[in-house]
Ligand SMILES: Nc1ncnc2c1ncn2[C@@H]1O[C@H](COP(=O)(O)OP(=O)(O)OP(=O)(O)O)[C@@H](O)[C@H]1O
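In the block that follows, a single chain appears as structure tokens, in the form predicted alone.
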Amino acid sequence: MIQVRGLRKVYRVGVEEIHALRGVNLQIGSNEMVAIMGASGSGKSTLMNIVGCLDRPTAGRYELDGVEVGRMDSEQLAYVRNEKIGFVFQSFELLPRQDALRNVELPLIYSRSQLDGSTRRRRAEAALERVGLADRMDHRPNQLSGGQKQRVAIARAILNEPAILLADEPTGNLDSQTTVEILGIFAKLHAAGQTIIIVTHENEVAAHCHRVVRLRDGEILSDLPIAQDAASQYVAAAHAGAAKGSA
């Protein structure tokens, strides 16, 4: 589904060049659940922005479903972002004056499909029901908890049934219990066939994925199944031990 070859990204600040990505090669197949990890400045957010068609690489090739993204114009990129990629952000990015239902409807309002209002509403209601918010559809963001806001954001992201769900630090503003609940939603979506990429700096979050890609200084340091990724494997074992102890 995603194939990246020799991806480079250089930012120019005055006369200085900042190499955010240095020849990244990466493949992500359909229905994978992948964590992308790295310290601040490692290039993980830059990589996600390029995969999400929010930015263009300086050099290299990015193919999505066999189509080279680098050859797309601005209108084509906007179409891909709206129809093929769902975004979930740490800060939720909800419209404060709109209720949950209206926030979820937004991708359909800007879609080429030109659905009528009743159809958009039905689809938004179904998405909110999938994330367990059937009883909060008429609530505005200031009437929702952090976890509920993130559920609204996830419902909005999956509304168009995107091929890829990109989540950038989706639990960064949430407490530990709510984090587990949100990761549970991602797990259900993955089980239903969704491809999910989570950018995170938390091993606890990565431990819920099936593969961990670690970046450092713009390069891939490791790309391993979760069972072989030492840090995340340690966290998973700690969780299992805690659960056994409380049984």
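For clarity, every value in this text was computed on a predicted model and none was experimentally measured. Numbering starts at 1 and runs along the sequence shown.
The same protein also has a form predicted in complex with the ligand, omitted here; what follows describes it.
- Taking the partner from the other structure, the ligand in the model of the complex has no heavy atom within 4.5 Å of any heavy atom of residue 210.
- Using a 4.5 Å cutoff between non-hydrogen atoms, residue 13 counts as a contact of the ligand in the model of the complex.
- In the model of the complex, the ligand lies within 4.5 Å of some heavy atom of residue 41.
- A residue is said to contact a partner when one of its heavy atoms sits within 4.5 Å of a partner heavy atom; residue 20 meets this definition for the ligand in the model of the complex.
- Only one segment in the set 62-70, 186-194, 33-41, 202-210 has residues whose heavy atoms sit within 4.5 Å of the ligand in the model of the complex; it is 33-41.
- The contact residue chosen from 125, 99, 83, 169 relative to the ligand in the model of the complex is 169, the criterion being a non-hydrogen atom within 4.5 angstroms.
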